[in-house]
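Next up: a single chain in structure tokens, the form predicted alone.
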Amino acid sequence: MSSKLEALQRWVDEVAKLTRPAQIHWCDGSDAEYQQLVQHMLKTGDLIELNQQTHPGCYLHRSSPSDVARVEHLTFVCTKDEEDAGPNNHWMAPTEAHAKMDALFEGCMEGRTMYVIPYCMGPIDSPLARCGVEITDSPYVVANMRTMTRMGAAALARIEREGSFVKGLHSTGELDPERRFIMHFPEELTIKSYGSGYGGNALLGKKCHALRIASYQAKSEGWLAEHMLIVGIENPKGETHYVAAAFPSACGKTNLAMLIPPEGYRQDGWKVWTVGDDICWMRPGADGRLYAINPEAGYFGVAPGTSDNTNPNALSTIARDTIYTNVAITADNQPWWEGLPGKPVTDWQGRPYDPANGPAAHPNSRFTVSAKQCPTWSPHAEDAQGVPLSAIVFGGRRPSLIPLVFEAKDWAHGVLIGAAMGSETTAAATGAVGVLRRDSMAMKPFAGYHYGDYFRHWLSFDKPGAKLPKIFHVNWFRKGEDGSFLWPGYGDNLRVLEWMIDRVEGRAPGKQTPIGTLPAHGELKLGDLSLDSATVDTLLDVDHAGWTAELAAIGEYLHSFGARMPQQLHAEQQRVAKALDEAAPAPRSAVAS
């Protein structure tokens, strides 16, 4: 097979000449092709068949123990001008990066099959969708890309019609951490990844294309590519509001995207619809509103923490036709991770389970599954024009200071809130766990260009005629003095989303504070929750001294991006700092006198 598009065929020929594969396979995305891949990987040991009675169509893949997460320190953005990559990215000159990568790719596919994967990010007929081609020597990558993207003949037809595509070249190489790099060339719409088989490093449609390259495309084309879930909230009247939300890894994105309403809400007729759990592309529509699509067709979710208690929808989604990566298995060959009933006999590395070796499942173990298997999957996820957004939510894992929810004063204030958000680090990225780091819009590892330019691009959407979504910040992770979480989270987060919708529809006046609008007394519907008034007060407290220090730290953070940081954002930080100063409670001595 070959392509009618000369630029694509020429590139495939060049890669084949460089990597010298034993054979070339153009992927068509068919069921037959997928089954052949599975059978091939079962023979080579790349996949292990799981219990087909309990988990039909499910398989386990074990990656190399040194290849289990994204490697941000080996991920580069290669722009001609170093300043364009920004201090938020590692930079390498394109000529140097190409030379380094091509030396690694030289002959690397000898004896292997080279797979050519045409794919579309987003509904195949959507004007918001963008296409790419990944060349890889990993059948595991092919199988995952088939689930995660619209892959195959229809994507190839669109590429040949449009004549443009993102080029992604990947090889697992020797899986040597010392010979592992993920290079992005946004100006060339090109990705080169070598030495890793792990999802975010190897499934190039995911973070590499859908965020790093797409964010650069979006800046030049007037849209936004964001690390956000998209969820639809349907009220008892049958009206649906769509919300996009950005959280760093392991802060509950998938749980919120698949939220199950509390019993009382279910009885009243509330429903939640899942459009996407990880990535959101949004663009202004003709009516001035922002419309969003989920560019992915599947979920590449974190398994640990997924259980009947936390996310029954996700557990139901992955009961069939799922590829599991780095989970443990039980005596009867079912996938297992911490939080599930039963017990493991074999850990994620294939060893007999011994608690002395650490968790049975790797903390960043994953499942890959079609989005359409989710019980709450929204048919509107396939809408070519996308869904209209009523609200954008930012959030992080903060044990103190940040209230349960507050609303930005306006779009510029919302951009500041998104820029300032921070979270404790998790196992999804290599490095220390539990350290607070600012992760603007949850895009720190994923923005494909200078953060200062990125914030300026966000600010540019506030123009005459725009009907922009309201922006909120949430913190499900506030802790009490005893270290326990104050807010129940999970399904009860719908109570907070309902308040946001009330704000969107003008039904909740809220309480004005220097940091934004918080729920006024009685506006959050907490009736059947066993939360005492002191806990609610703590959840909605605005600590002036603490926030004054936070605003100062935010100011320093903004200055760290240098001259490209928009003055408007500095001014917004100063406005909030001034409002806090003016609202600060008087010193006690002054009150006493």
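The structure presented is a predicted model; accordingly, all values stated were derived computationally and were not measured. From 1 onward, residues are counted along the sequence shown.
Another form, the form predicted in complex with sulfopyruvate, is not on view; read the next lines as being about it.
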Hey, in the model of the complex, does residue 70 get a heavy atom within 4.5 angstroms of sulfopyruvate? yes
Would you classify residue 219 as touching sulfopyruvate in the model of the complex, given a 4.5 Å non-hydrogen atom cut-off? no
Look up in the model of the complex whether residue 451 has a non-hydrogen atom within 4.5 angstroms of sulfopyruvate, and give yes or no. no
Taking heavy atoms only, is residue 249 within 4.5 angstroms of sulfopyruvate in the model of the complex? yes
Interface stretch in the model of the complex with sulfopyruvate - options 186-194, 159-167, 202-210, 122-130, non-hydrogen atom within 4.5 Å: 202-210
Heavy atom within 4.5 Å of sulfopyruvate in the model of the complex: which of 180, 150, 473, 366? 366
Selected contact from 300, 273, 265, 458, since only one has a non-hydrogen atom within 4.5 angstroms of sulfopyruvate in the model of the complex: 300
Is any part of 221-236 within 4.5 angstroms of sulfopyruvate in the model of the complex by a non-hydrogen atom, and which residues would that be? 227
